[in-house]
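Here we start with a single chain on its own, the form predicted alone, put down as structure tokens.
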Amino acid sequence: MLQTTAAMARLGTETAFAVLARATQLEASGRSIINLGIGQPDFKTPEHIVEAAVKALRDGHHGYTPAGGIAPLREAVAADLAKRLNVEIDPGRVVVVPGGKVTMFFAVLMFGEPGAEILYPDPGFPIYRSLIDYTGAKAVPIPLEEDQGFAFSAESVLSRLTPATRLVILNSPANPTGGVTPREEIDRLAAGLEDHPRVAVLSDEIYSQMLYDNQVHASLLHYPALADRLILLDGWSKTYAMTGWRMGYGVWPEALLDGATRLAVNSHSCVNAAAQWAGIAALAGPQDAVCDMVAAFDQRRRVVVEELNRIPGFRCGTPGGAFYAFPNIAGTGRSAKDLEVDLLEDAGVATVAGTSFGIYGEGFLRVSYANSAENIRAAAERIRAFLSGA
């Protein structure tokens, strides 16, 4: 019997991929499945980005690159942040990694160990909790409430800080809820964190360009008092429909930059060379496809909220960002996991149980509206028919 470390037993997973695998299996057997489970855009990567990668390969970009990314890409990231957020970032602080999770992993590895505490949103992206548990640190959930639009409150975060707190993980716009935290709440949190200078912050802003109703993204990069301990997580996957390209980046404070670079060297060496040139084309090229995609998500957002609220036992607020709705399904009398399984197996609709995102996700489902309005309406009809016993 092989004996692995105790840490491996603490490592969790991302249930959305298990749901996708089962949905694919059912489709292969001939079943009709409407997938509202997986969190990726249903659009193709814009053509000019694809062509940039093809050109890079033809131009001979086949070798290793610097661990933190090629200089033109890091400069393009800094220029994009200056344009979008009006913040000046030294390109040298940018570390390009193969997907957003890697920045997350590096941050948690740096601060997580037995005796340390790390705060994370719940319901939230499940890998936060998984990685914290893996390091042996104590995972401290920040409950996100339905009546607050699943936004985090400064008071809730600050009240959970202790002398053992090393890192706070924040996410807005949020997965799985679509919640967006108002700027005034972030102002209060940033002010409160000034009294806790030893606490680092990981701000997951991967959905920052998917906001609706004329909202403006409130980035934690806007707070100079946090600059020496703020790690920004962002990337290309959601904004440019590049999930399979595995392209993300972190903006690191100077004190942590060497550690992030060393972790990159020890884990993946560098990011795919041709993909990095595609990343430049995405940031520096036309943004029409991004605008069109977000407009389509906005239209679907309205459809999914309307349809979910027509299902007996469901109650759904309007998400402010990302491409997820998080309906309350307590009125059905079913647990989140039971309903997830039954909807997939019996109704042919893939969703993800709220409990896959934390203990405070019981009574909710995550519904991705990265699918057509037609399919969203058809899925809602299937759910209504299933719950009515038809």
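Numbering starts at 1 and runs along the sequence shown. This structure is a prediction, so every number in the text was calculated from the model and none was measured.
Here the subject shifts to the form predicted together with a small molecule, a form of this protein not shown in this document.
Proximity to the small molecule in the predicted complex holds for all of Lys101, Phe125 and Asn171, with the criterion being a heavy atom within 4.5 Å.
Taking a 4.5 Å heavy atom cutoff to the small molecule in the predicted complex, the contact residue among Val180, Ile206, Val199, Ile231 is Ile206. This chain is drawn without the small molecule; in the predicted complex, the residue among His222, His217, Lys138, Arg246 with a heavy atom within 4.5 Å of it is Arg246. From the list 85 to 93, 188 to 196, 125 to 133, 277 to 285, the contact stretch for the small molecule in the predicted complex under a 4.5 Å heavy atom rule is 125 to 133. Taking non-hydrogen atoms only, Asn175 approaches the small molecule to within 4.5 angstroms in the predicted complex. Taking the partner from elsewhere, Thr165 is found to have every heavy atom lying beyond 4.5 Å of the small molecule in the predicted complex. In the predicted complex, the small molecule sits within 4.5 Å of a heavy atom belonging to Lys238.
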